[in-house]
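One chain comes next, on its own, written out as structure tokens in the form predicted on its own.
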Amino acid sequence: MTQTVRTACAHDCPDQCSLLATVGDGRLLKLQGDPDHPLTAGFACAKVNREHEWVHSPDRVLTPLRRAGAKGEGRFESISWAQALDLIVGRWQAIISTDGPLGILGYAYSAHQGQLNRGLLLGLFHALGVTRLWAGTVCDSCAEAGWDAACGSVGGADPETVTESDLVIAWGADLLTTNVHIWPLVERARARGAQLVVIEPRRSRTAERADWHLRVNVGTDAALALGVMHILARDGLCNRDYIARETIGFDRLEREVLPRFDPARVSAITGVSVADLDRLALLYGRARTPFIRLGEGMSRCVNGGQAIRAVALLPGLTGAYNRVGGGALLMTATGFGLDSSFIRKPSGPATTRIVNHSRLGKALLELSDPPIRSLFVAANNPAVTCPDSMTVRRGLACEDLFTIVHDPFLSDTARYADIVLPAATYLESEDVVRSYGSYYLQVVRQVVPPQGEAWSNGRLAQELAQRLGLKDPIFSMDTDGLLRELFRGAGSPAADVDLKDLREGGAIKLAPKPGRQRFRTPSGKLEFYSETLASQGLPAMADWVADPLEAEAGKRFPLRLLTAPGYFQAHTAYAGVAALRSREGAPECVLHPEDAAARGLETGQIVELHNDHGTVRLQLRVSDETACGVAFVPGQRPAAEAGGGTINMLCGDRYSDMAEGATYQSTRLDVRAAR
């Protein structure tokens, strides 16, 4: 006997699909996209299609584990939940009595997007007053800051309106890999005559299918956007009425910045020819409803915030933000009006010591007064994902650091833990998710019982809170009670959600009214000039400047690193599915034929990527998919699959120009045959 259960995907993905799960005898048999969902449209991505293998993987951690070998060795013995909780609570109480709560560092991040399962752990850390992690710096803090500088903290265009677009630009966004459910809508727009332009440094799956792929040098997107603005202003293609009515500061940008971004200079910076620059500006300026889908990856470099900011300003020159099918989209998350503070901040100090995720390793090794004596990790794998991950591993290897990892699998980070706790997947617990690439909200229903002795993040947070004597109501509420509190303080449009409809139905759409982009800047307008940034000592107007440190490093290490999600192995959350690992193939580095020939290298060789941070061994693939001077490494893979290394071992911990983001794409390196 089988049954079908409607639920939603809680992986870190902008689509946040509505799913139909087929279940029989307590096992997940298959997952498919919900045909009644307008965006999911009846299909799931290539990764989630294999989710039954993920849930029932023989590699799952099924019981609590206690370290029985050296840190990093991955040797453990099974213990009971009672023993594990006693060890954790006893150690934490001892740390708090001697060093105070700042001796503990806790975080739950993006591998589980559930508002409750993520929020309850954050609420536990907030109530305890421990050191907190600024987790978004490895992913989206810089991108959000760039967008906010132009538009304010507000969601972008509804992706479903792309069917009304006459020009679609995927700028730094490989839609088929990271946002696949927008693709059928783009194809509908193309069937009506729209062109698809892809702007990114490599020939991605999306670029291969585009009407035009414009290859831009890594880290120069801001210069390209400013060059387009220069031509739009020069050739009379700006909507001056819209600029006067809905924006501020363009007169200063046009007078003080744009003259420096003439086509010849922009071509020299970006690698885009003057002819192609003119062509792009003409296409954009003449389009009535151009839609730009921005990718976050372009923000992960020294000029990252300015890149997002400059591209987000482009629709303001032509008035596209005021037309259905036009505008730009980075993320939608801030457009829902949800207020999770009751769950994430139930009590505890308003401020405390903050550790930047990008410098986790240094914090573990160097913080004092007090030092970090215990680390709790859930829904993340910092031994792989963090820049300067070799330093992270040195920190994790400290014998006096008591580390707890809550994970469905024995991840690279879990191998350094003192206690590993079996985590339930999103398919084994209840929650609610909101997309960050569309405007849908949906309840996540439990599809199968937790495997083995796995607990959800939420259950673990509540059990620890009660053992530690916390009395906040959230630590004894059931799912319904937590949902009521999540929506009690919500603003529009989430304030209008009927919880009964949410509980009993499918996805609920909470999109802004189409046709006019709202701005939540201090001026209430699109800001070409930002007083807020000026007051912070940052450039008040969008700009691009060469990075002297990177130029200096380039003298010794002539290749620039480019990373992007792999199609079947976007990150290590999918490493538990053998079929997906097999389809992705061996961890690889892609070099242009000219770069490979200059080093005497051929496809299939094991090569060493190296710089002052270390050396990583990968399999080489030679292809003009990537540009000369670029080493492209797709996906995040466990270190064991790549000879004990991970590409982020070569990335430094420099900050981006805004919001202290990671700068993976500003890494310089070289490649040689493996020794």
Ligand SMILES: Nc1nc2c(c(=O)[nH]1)N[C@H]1C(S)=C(S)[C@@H](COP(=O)(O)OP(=O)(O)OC[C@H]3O[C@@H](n4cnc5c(=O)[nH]c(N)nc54)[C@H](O)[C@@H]3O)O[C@H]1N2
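The numbering used is simple: start at 1 and walk along the sequence shown. Since the model is a prediction, treat every value here as computed from it, not as a measurement.
We do not show the form predicted together with the ligand, though everything after this point is about it.
**Q** Report whether all of Thr177, Asn381 and Asn457 sit within 4.5 Å of the ligand in the predicted complex, measuring from non-hydrogen atoms.
**A** Answer is yes for this spot.
**Q** Please determine, with the chain shown alone, which of 233-241, 81-89, 290-298, 153-161 has non-hydrogen atoms within 4.5 Å of the ligand in the predicted complex.
**A** Flagged stretch: 290-298.
**Q** Is Ala564 close enough to touch the ligand in the predicted complex, meaning at least one heavy atom pair within 4.5 Å?
**A** Answer yes; at least one heavy atom of Ala564 falls within 4.5 Å of the ligand in the predicted complex.
**Q** Do Cys589 and the ligand share at least one heavy atom pair within 4.5 Å in the predicted complex?
**A** Because no heavy atom of Cys589 falls inside 4.5 Å of the ligand in the predicted complex, the answer is no.
**Q** Residue-level question: is Ala417 within 4.5 Å of the ligand in the predicted complex, judged on heavy atoms?
**A** Although the ligand is absent here, Ala417 would stay clear of it in the predicted complex, with no heavy atoms inside 4.5 Å.
**Q** Using 4.5 Å between non-hydrogen atoms, is Ile647 touching the ligand in the predicted complex?
**A** Yes, contact at 4.5 Å.
**Q** Only one of Ile474, Leu483, Val266, Ala423 comes within 4.5 Å of the ligand in the predicted complex by heavy atoms, so just point that one out.
**A** Selected option: Ala423.
**Q** In the predicted complex, which of the listed residues (Arg393, Arg323, Arg359, Arg202) lies with a heavy atom within 4.5 Å of the ligand?
**A** Looking at Arg393, Arg323, Arg359, Arg202 one by one, just Arg202 meets the 4.5 Å heavy-atom criterion.
**Q** Could you run down 29-63 and flag each residue that has a heavy atom within 4.5 Å of the ligand in the predicted complex?
**A** Stretch hits, in order: Lys47, Trp54.
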